[in-house]
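The chain below stands alone and is given in structure tokens; this is the form predicted on its own.
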């Protein structure tokens, strides 16, 4: 008898789901990495340089000391009873760990928590949000999640009823959105960011796409905004944010604000403003606009991806709808406690006067300054290469250069049954060991080609990446010159 499970009889929504940042090129890179281990010297490079995913600590970024001290003490409270602890840990990490343990029933980080997360930790997060925005927040609006991604899935599950329910998503986009919309059986309604204006979001284009989707019978439920942008690295202007909020209110859309890069801003002329702050600044209250804001411990200067911590703040939803959100959260029992503690810490780091403040500030400032230098070095290098143009990285962790490929390269890609930018990225990997993600995995204006490159490799490796890239690119362009 034939196997009862085959690709042909799997859920078609799963088959439709794609996730480029861990797709074909990364899988090939992992095979090459294994080859380097078993057959050293068999490839034209000696290491794989992963520039495909925002995973800072995998590329050598060190965790923030204060955060890790608090986590260690919370996970092993027995240490707090030892006298020698005072010489190993800062006084404020000891007192913070004691405060946090007092909030956890049974002081047990290995126990389940409330489905929304530990109440005292949600209180700490709301204090951080209030301090950031200048407007009050409420612990009942906070749902602690295993990174931002589960919160995105939860809202897609809630909003998408069938294939006629649409979500407006920026193109280029982070593939989590296309993947989760596909998994939940909805329609992705694209709106294009304007590359010529530094990846600006233009309301006129969003409105056009919304009206076009509605004319086709699609019930557009929500608008996704990623600020700072992924993969594009732009930081929205405050006036632009006001226009977006008014647009969502006028069109009856839920605003899904992906703000996981809020600490990653590298230019002096831009500042991060949360959409919650913008909504409240306009005088809109709970009745006016449903808003979901996402934050994560994976990004920022902390880069704690493996700890899987984050939260979503939901405002503007009725009590019966909130009950349904709580029900979905309850099915997953709760998010992991380490991630919950970290989420509370990133929103309430050491303050001036605390023992750890000077070292914490030095670590944070050092990481952000280094990211700023790395972004600038890569941006300048890309812009010097034939056929490549790259906008400034104002924030986040990525550059998204456009590459004008020779016609012969496009024909070679078509013959290999690959998107031209995927063909380029594969050749780059096989020649240099550098892993980037083709723009076709994020969406792009038809007929244009891009790739996403993180700014995360260790600073001392950036010159080698630039020189390897330059040698490859010049050879590639010469090989396929029309």
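Since this is a predicted model, take the numbers as computed values, not measurements. Numbering follows the first chain given and starts at 1.
Below: the form predicted together with a small molecule, not depicted.
- With the partner omitted here, the residue from 293, 230, 340, 264 that has a non-hydrogen atom within 4.5 angstroms of the small molecule in the predicted bound form is 230.
- When you look in the predicted bound form, the only residue of 356, 274, 116, 298 with a non-hydrogen atom within 4.5 Å of the small molecule is 298.
- Although the partner is absent from the chain shown here, none of 170, 235 and 451 has a heavy atom within 4.5 Å of the small molecule in the predicted bound form.
- Proximity to the small molecule in the predicted bound form, taken as heavy atoms within 4.5 Å, picks out 255-263 from the listed stretches 117-125, 255-263, 318-326, 280-288.
- Using a 4.5 angstroms threshold between heavy atoms, residue 226 counts as touching the small molecule in the predicted bound form.
- A residue is said to contact a partner when one of its heavy atoms sits within 4.5 Å of a partner heavy atom; residue 36 fails this definition for the small molecule in the predicted bound form, lying far away.
- When the small molecule is considered in the predicted bound form, residue 96 lies well away from it, no heavy atom lying within 4.5 Å.
- By the criterion of a heavy atom within 4.5 Å, residue 395 is excluded from the residues contacting the small molecule in the predicted bound form.
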